[in-house]
Each structure stands twice: as structure tokens, then as C-alpha cells.
Ligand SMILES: Cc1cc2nc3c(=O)[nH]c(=O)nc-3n(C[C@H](O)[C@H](O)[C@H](O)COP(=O)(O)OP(=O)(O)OC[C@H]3O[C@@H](n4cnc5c(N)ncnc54)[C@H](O)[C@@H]3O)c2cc1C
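Here's a solo chain for you in C-alpha cells, the form predicted alone.
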Amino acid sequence: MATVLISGSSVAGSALAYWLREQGFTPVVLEHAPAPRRGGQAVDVRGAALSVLRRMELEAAAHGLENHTDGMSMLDAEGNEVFRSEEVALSSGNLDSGDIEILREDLVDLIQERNQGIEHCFGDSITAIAQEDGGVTVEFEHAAPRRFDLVIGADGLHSNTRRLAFGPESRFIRHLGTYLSVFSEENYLGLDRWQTWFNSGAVGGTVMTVRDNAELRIFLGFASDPIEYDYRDVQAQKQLIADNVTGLGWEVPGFIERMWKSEDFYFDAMAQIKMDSWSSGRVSLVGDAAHCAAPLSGQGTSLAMVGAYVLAAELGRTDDHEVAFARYERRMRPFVEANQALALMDREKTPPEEMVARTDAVKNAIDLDAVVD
């Protein structure tokens, strides 16, 4: 039974572990964090990804944890409402679409419940990958070296697996000119199943309700050329938000004040990953590690779930991993490119209804049962 090391335990890694075991493989999941990661944004499971969730028999459970939104408002710098809709929301699309908006951590928890018995190694990371005839020897920061048949990087935008197997991140990352943060807070605003977007030129953000209105997810961001910063220094990242998100009224000064006390603050660049190939020998990539579309696309989670399903299906069709990796890429690349294009829309000039319509047009643009040779 072939062994597969999966680096990363979020949506892509967890879904891949599930589907690989279904195909008869022995997955081992590695996660740099000491425990499953909490916090983050609400994510959308749409179109083809919803079909994948259904095939995992998790659709009903996901609906039970679904984040319900009744509409959205858009405010100017002073807090004046300039747009309002009870039909669409920028984060979740048409409100009657049947798609599922769910907190990232809740979706991962659902998948992990199905992954009982799969080996998980937390608090460690890969330091070296040596490909040899018939396998891959992997060295770790803490654990002893181990040998696997395949290694799959599902470790996100700043993938360590990609760096070790393909080269430095700078070769593949395409900065989109924006930095974004997100953190949680109790619903002290009393918002009721609502999203409020605010913007003034180069700065803006969103506040939305989650967990049956009990909590808020607050997003603050700004436009900028690439910035050098320490990914591990959260206080420095908070300072970047405080220094750059200025000139906005309404509740934004209070958001910034509360940000300093947040324990689940997350900050990163809006960026895409562009690669000529997602595989090298016995190493391949899935999800954001292979083709991050950026949160602006609204399709990162769907790409992760569909990619995991397709990759496992192709590995299950043949004993030749190179053939499987090539088929996986041929099936996924058109879907990826169509969804990456969503993040490049001019949000200043594109009406929300048109943005949602473009997403609806591509969310099913892949046949999960196609056979590619």
C-alpha cells in the first residue's frame, strides 16, 4: 500500500488525506502548527466543490454549520451607505444559490472527523526532500527521517514543500497589490446576519457576522507594493495595519483598537501562485501551494477541495505517479486559470452583481468525472 506524506492539514491537505485513503493509499499528514489551526475567515463551498463535499457525505453537516447572511451594505470613508443588497453578498454570492458559506475551521473539523485513524504529525516541518528510485526520503525539523512513496505539498501560499522541491517562492508568487488581515470579535455592533463593506481608495475592509450572530469576523486591508515583514511577528503585522488603515470613519478606529487584543489575528499579502508545473518527480502540490488564487477570488477553498479530489482520483487510476500527476494538472489547470481571473477584477469599477455573476459562471467549470489520457 503506497504511503503519501501530505504537508499541511487545512482544507486541501485534509480533503486529500480523505480521498487518498478512499483510493487505497496510506496518507500521513504533517502540520507545522502544534494543533489544528483556528480562526480565519468564512469560506465558500461552491459548484464543483459542493459536489465533492456531497461525495464525502458531509453536505448536510456543513449546512448545519452554515453561516447565514441576509445581505450587505457598502459604505464610503465617512460611513455613509452607498450600496445595499438583500440578494447578493460579496463574500458568498447570490444568497439563494445553494452554495455553503462556512467558517474554515468548521469545514476542516468536519473533514477531520472523517479522517479518524489517519496518522497526523503536529508541530513539525520538512527540512529536506531526497528523491530516489522507488521513493522519497524526507527529513524533519524534529522527527527522524522517513521514507514515503510520494510527497504532496498542501501547505499554502508560502509552501515549504514548494520551496524545497521547486525553488524559492519569488519565482512563482505574483503580488496583487493588497494586504489583508482578519480577526474575530464578539458581535458588539449588534449586526444581524449582515456584511458591511467599507472603502476609501487604497484602504478598506469588511465586517460580517458568524456563528449565529454571536461573533464578528473583521477584515482590514490596504493597497501597497510588496513589503518585507516577518511572518512570525504578529505584533509587527498589527502595526502595519494600524499604520496603513487610516482615514476611515464609522467603526473602523474601534476595529483597530480591538485588533491589538486579538489572539487569532491573521495577516498576509493578496497574491497568486503561477507555476509551469505542479509536480516534480514524486513530489506534487495541491491547493494554494500549487495555484493560490488569492482570497479576492472567493474560490480558494473550492479549488482546494476539487484539486484534492482530482489528484487522488488520478493517483487511484494508475500505478505511474508521473502519468497521474500529468492527468491531474491537465484536468485542473483550465479550472484554476478561470478562477484566478476572478481575483483580477477591478473591484472599484465592477458592480457587486457582476462580480457574483462571474463567479457563478466558473464555479462549475470542471467535470469531476472526466477521464483524461
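A residue's number is simply how far along the shown sequence it sits, counting from 1. Keep in mind that what you see is a predicted model, and the values were worked out from it rather than measured.
Another form, the form predicted in complex with this ligand, is not on view; read the next lines as being about it.
This ligand in the predicted complex is not approached by L103, whose heavy atoms all lie more than 4.5 angstroms from it. Using a 4.5 angstroms threshold between heavy atoms, L220 stays clear of this ligand in the predicted complex. Interface residue remark: R330 is not counted as part of the site for this ligand in the predicted complex, having no heavy atom within 4.5 Å. Looking at T359, you'd find every heavy atom of it more than 4.5 angstroms from this ligand in the predicted complex.
Heavy atoms within 4.5 Å of this ligand in the predicted complex belong, among the stretches 296-304, 194-202, 170-178, 128-136, to residues of 296-304. None of D124, D109, E185, E251 but one reaches within 4.5 angstroms of this ligand in the predicted complex through a heavy atom, and that residue is D124. Along 140-160, residues A154, D155, G156, N160 each place a heavy atom within 4.5 Å of this ligand in the predicted complex.
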